[in-house]
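Next up: a single chain in structure tokens, the form predicted on its own.
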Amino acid sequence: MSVDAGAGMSLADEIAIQRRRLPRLHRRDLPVYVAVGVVGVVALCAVAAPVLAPHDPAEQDLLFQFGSPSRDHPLGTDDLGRDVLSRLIYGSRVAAQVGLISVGIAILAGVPIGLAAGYAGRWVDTLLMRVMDALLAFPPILLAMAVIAGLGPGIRNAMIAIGIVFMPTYARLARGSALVIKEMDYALAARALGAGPARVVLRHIVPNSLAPILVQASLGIGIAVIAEASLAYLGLGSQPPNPSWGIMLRQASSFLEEHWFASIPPGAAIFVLVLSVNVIGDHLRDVFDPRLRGR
């Protein structure tokens, strides 16, 4: 009877059912759409900062310090009379660079180490993983500060330091995937047919390890943004007069009692971007994990 009822359903009825399902789908995925929109806006600001910024981020007007929001300065000015909105827009460049480059460094350095340790095993696994464990033994911010102390302060060295801090996470993730996948039937069959280690790793292990690595990378971008802002706040990351959200927070912290509102724009920018990246990363985890896909 259910088959006959389904066969007798008209096209209009089917369309009506699908329309009733769509609003629930949109309400469920609305946070993801908003998060993607926020990340898209930040990316647009990073790419088109000279076009979108209403003022030069380094232009000073000492007669208009801590100016209130106005048509010319929508978010007001800072302690040196610089336009806050323009500095936020240019600061998105630093956030985008740090998020992408530092995570890229961690992936390019950590994933090959993890794959080599997981596939080779024995003393190779022991040696490489003990090095990664040694890096994990340091608190992340202290390890980053130690690397920058050796390389010198600056945005480039901050990205390298953050990449080194994140490297053990991707190494252990890739190692775990390699340990599981190399014992799968298709990997064992490839080795039985004479495939070498490089072919097995590149053809079978790497493609099947991408999902967890991509999820971790999406979450790591948000952590990298916070790490760079922390280093810039301590004077070890991006250096003045280069606009950075961490530098804006550090400068605003000196005037919290009289002008507490100066810390809100950079703090809100960091909060919204990191939250959006985490929402996207959580959604990617649900998509790639078959146990959560039907939830």
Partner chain sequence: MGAYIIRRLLAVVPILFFMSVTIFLVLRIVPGDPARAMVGLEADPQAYEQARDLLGLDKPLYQQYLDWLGDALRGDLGRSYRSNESVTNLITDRVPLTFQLTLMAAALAIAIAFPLGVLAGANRNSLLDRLASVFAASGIAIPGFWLALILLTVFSVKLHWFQSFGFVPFSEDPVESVRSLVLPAVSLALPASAILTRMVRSSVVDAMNNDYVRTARAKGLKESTVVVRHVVRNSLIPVLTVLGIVVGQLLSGSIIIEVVFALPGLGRLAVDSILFRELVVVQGVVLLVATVTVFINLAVDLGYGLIDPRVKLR
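Numbering follows the first chain given and starts at 1. Source: prediction; values computed, not measured.
Just so you know, the form predicted together with its partner chain exists too; it's not on screen, but the next bit is about it.
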### Task
Please pick, from 32, 234, 41, 52, the one residue with any non-hydrogen atom lying within 4.5 angstroms of its partner chain in the predicted complex.
234
### Query
Though its partner chain is not shown, can you say which of 189, 210, 142, 198 has a heavy atom within 4.5 Å of it in the predicted complex?
142
### Task
Kindly indicate whether 147, 260 and 270 are, all three, within 4.5 angstroms of its partner chain in the predicted complex, using heavy atoms.
yes
### Message
Even though the partner isn't displayed, in the predicted complex is residue 108 close enough to its partner chain, meaning a heavy atom within 4.5 Å?
### Response
no
### Task
Flag residue 180 as yes or no: does it have a non-hydrogen atom within 4.5 angstroms of any non-hydrogen atom of its partner chain in the predicted complex?
no
### Task
Mark residue 152 yes when one of its heavy atoms lies within 4.5 Å of a heavy atom of its partner chain in the predicted complex, and no otherwise.
yes
#### Entry: Contact of residue 58 with its partner chain in the predicted complex (heavy atom, 4.5 Å)
no
### Message
At 4.5 Å, heavy atom to heavy atom, what parts of 185-212 sit next to its partner chain in the predicted complex? List them in sequence order, or say none.
### Response
none
